[in-house]
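So this first bit is one chain, no partners, the form predicted on its own, shown in structure tokens.
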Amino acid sequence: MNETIVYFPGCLASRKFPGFDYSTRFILQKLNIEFKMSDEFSCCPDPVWVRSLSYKEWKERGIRNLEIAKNLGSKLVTICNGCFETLFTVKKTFFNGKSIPVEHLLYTLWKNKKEEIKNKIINPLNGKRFGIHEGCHFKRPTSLTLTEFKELKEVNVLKEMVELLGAEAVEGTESCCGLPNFITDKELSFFLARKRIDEFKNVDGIVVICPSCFSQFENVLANDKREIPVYFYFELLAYSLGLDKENLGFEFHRIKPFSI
């Protein structure tokens, strides 16, 4: 993997949960992945709320972000499911396949860096048991993603990447976290989140790869006064690769993580 990627952290990772962004930069450096960023990027924008409000705004901002990215590197990589869906869909729909490739970082690392990660683990998560939640938009729209990322039909990438760190990955259904319903029906949104959370029994936490899913689960758990920590996968990976706990950004979590 000798290329310069364009790292697109997205709004939540760079502003609300800076530990996500910090952990990701540590991972990229640790794995010797060259990357560039741009202060010119705007919100992706969101593939549900913004797209519903103004398809024109959603399309034009997505196109603008991809135009910026294609001058910086050979592939755009993000750590947010929503950013992935928007930018991948805009690329496939409006660029006729001629724009920069778009991937979620989890897929990029699974495809290219599993052995290197395995060999560089300093802090294994042996004995930990995590519920795993990929989130809907990791594969959406499936009519487009499953033709380009064919392995996703057969492989649970998050499960393999959690197990790579030494932990047990507990699968559930592929149900939604409920966040897209929050604006129109908060009660339904929280009901869906609780239903998903309750799929995981006797776990040390829930692992997600989307900042929006993370925020939704934490809000519901804090509202219900339940002490089930939620982890962003790239925090755990950074820790396993040697990042100090103090720099993981756990102070931005509403449910404080147990010791890892």
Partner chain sequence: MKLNPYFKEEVNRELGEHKILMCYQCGKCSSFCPLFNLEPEKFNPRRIIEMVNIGAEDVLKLDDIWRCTTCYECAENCPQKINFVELIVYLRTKATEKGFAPKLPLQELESVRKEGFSVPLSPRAKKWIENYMVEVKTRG
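As the structure is a computational prediction, the values presented were derived from the model and not from experiment. Numbering follows the first chain given and starts at 1.
The following text describes the form predicted in complex with its partner chain, which does not appear among the structures shown.
> Within 4.5 Å of its partner chain in the model of the complex, counting heavy atoms only, one of 198-206, 66-74, 229-237, 38-46 shows up; tell me which.
Going through the listed ranges, the match is 38-46.
> What is the one choice in A167, C136, V157, V102 with a heavy atom within 4.5 Å of its partner chain in the model of the complex?
Here the answer is residue option C136.
> Every residue in Q29, R61 and S175 with a non-hydrogen atom within 4.5 Å of its partner chain in the model of the complex?
Yes, the whole candidate spot contacts its partner chain.
> Determine whether any heavy atom of R140 comes within 4.5 Å of a heavy atom of its partner chain in the model of the complex, and answer yes or no.
Although its partner chain is absent here, R140 would touch it in the model of the complex, with heavy atoms inside 4.5 Å.
> Is D185 close enough to its partner chain in the model of the complex to count, meaning some heavy atom within 4.5 Å?
Result yes; D185 sits at the interface with its partner chain in the model of the complex.
> Do N181 and its partner chain come within 4.5 Å of each other in the model of the complex, heavy atoms counted?
Because a heavy atom of N181 falls inside 4.5 Å of its partner chain in the model of the complex, the answer is yes.
> How about S54: is it within 4.5 Å of its partner chain in the model of the complex, going by heavy atoms?
Close contact exists here: in the model of the complex, S54 approaches its partner chain to within 4.5 Å, heavy atoms only.
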